[in-house]
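What follows is one chain in structure tokens, specifically the form predicted on its own.
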Amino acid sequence: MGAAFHDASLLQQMLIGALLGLSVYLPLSCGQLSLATPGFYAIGGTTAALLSTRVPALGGGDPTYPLSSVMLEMAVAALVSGLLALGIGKLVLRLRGIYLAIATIALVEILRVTTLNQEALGGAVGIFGIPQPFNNPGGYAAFTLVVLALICWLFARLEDNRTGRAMAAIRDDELAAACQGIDTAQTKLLAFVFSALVAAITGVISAHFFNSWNARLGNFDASITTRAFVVFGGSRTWLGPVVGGLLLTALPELLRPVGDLRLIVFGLVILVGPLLAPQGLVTPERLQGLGRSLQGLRRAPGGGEPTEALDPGPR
């Protein structure tokens, strides 16, 4: 029972990491080095903590917190984060590269310090006793898996339509994309807002799962960690951040048997990974190669080489 509980809890944390990786990936798909994800993640967590503990009408006193209230918290958190991202994005997205990264880190720190100094938002102590919509980590994992699958489906659709192609064009060459008639400012803003929505929704799930919330969960360290998910997994397709988030979230737990050395090994993995795979573990070329391999196996009876019609040659 204890092992199953631990496994489900680890799976839930891995799924949260995958969602945060997707949030970081969206601005990067437009070539924007935004590190604002932990800030919007904190907005989602704080919103869920406040609504669930201080609004009795949502059912915080019930034995099991209603899932409909969780969905309402997601909607409120997404609305607040989306509006903030819309306003902030029009200003900071004029910057590029390291300047944009510094501006978004400043946003994360402003939100963190503001929350820490406002007792109404939990202050330095945080908010405890957040009601639970599920009785075990397995319920959280199943719910989060559904959310992740839905968001992945939306990302896959996005990459195949005009907006996704515009994002890829901006990432490759923003000036050339603008010359082709793409509204680069609007496309980058759209990606930034969508990123905020995903992070806020993830924050709501995390607040209930952790049973408490503190502003320190959305800090500069989280910005670097979530960025590593995308670098390690790959930034050219939505599947890369999912793989990176799952693996890098699980890795510290898998390395626990080595004791104090696990953090050193974890750091080495993050350091060596980009050196061996500069574009990440998952790239469109690798996915295409895998698809061709699987297609060849389906064509070949018994899993052997694909059979082809023999050319009888000229007669």
Partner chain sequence: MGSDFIQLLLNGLSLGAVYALFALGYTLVFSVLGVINFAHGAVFTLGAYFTYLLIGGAVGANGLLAGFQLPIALPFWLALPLAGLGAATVALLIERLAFRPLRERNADPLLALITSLGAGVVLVNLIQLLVGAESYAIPSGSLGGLPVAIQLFGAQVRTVQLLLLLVATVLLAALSLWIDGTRSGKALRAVSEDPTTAQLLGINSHRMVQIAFGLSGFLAGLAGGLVGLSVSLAGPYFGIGYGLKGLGVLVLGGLGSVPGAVLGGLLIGLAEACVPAAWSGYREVVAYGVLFVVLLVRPQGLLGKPLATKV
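What you are looking at is a predicted structure, and each value in this text was computed from that prediction instead of being measured. Numbering follows the first chain given and starts at 1.
Heads up, the form predicted in complex with its partner chain isn't pictured, but that's what we're talking about next.
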property	result
Of V231, I201, L239, I130, the one that lies within 4.5 Å of its partner chain in the model of the complex (heavy atoms)	V231
The single option of N211, N135, T114, Q186 touching its partner chain in the model of the complex, heavy atom within 4.5 Å	T114
Distance check, L175 to its partner chain in the model of the complex, heavy atom within 4.5 Å	yes
is_contact(A250, its partner chain) in the model of the complex, heavy atom dist at most 4.5 Å	no
Contact flag, V92 vs its partner chain in the model of the complex, heavy atom cut 4.5 Å	yes
L51: touches its partner chain in the model of the complex, heavy atom cutoff 4.5 angstroms	no
Stretch in contact, per heavy atom within 4.5 angstroms of its partner chain in the model of the complex, of 61-69, 266-274, 36-44, 283-291	266-274
In the model of the complex: members of 90-116 within 4.5 Å of its partner chain, any heavy atom	L91, V92, R94, L95, I98, Y99, I102, A103, I105, A106, L107, E109, I110, R112, V113, T114
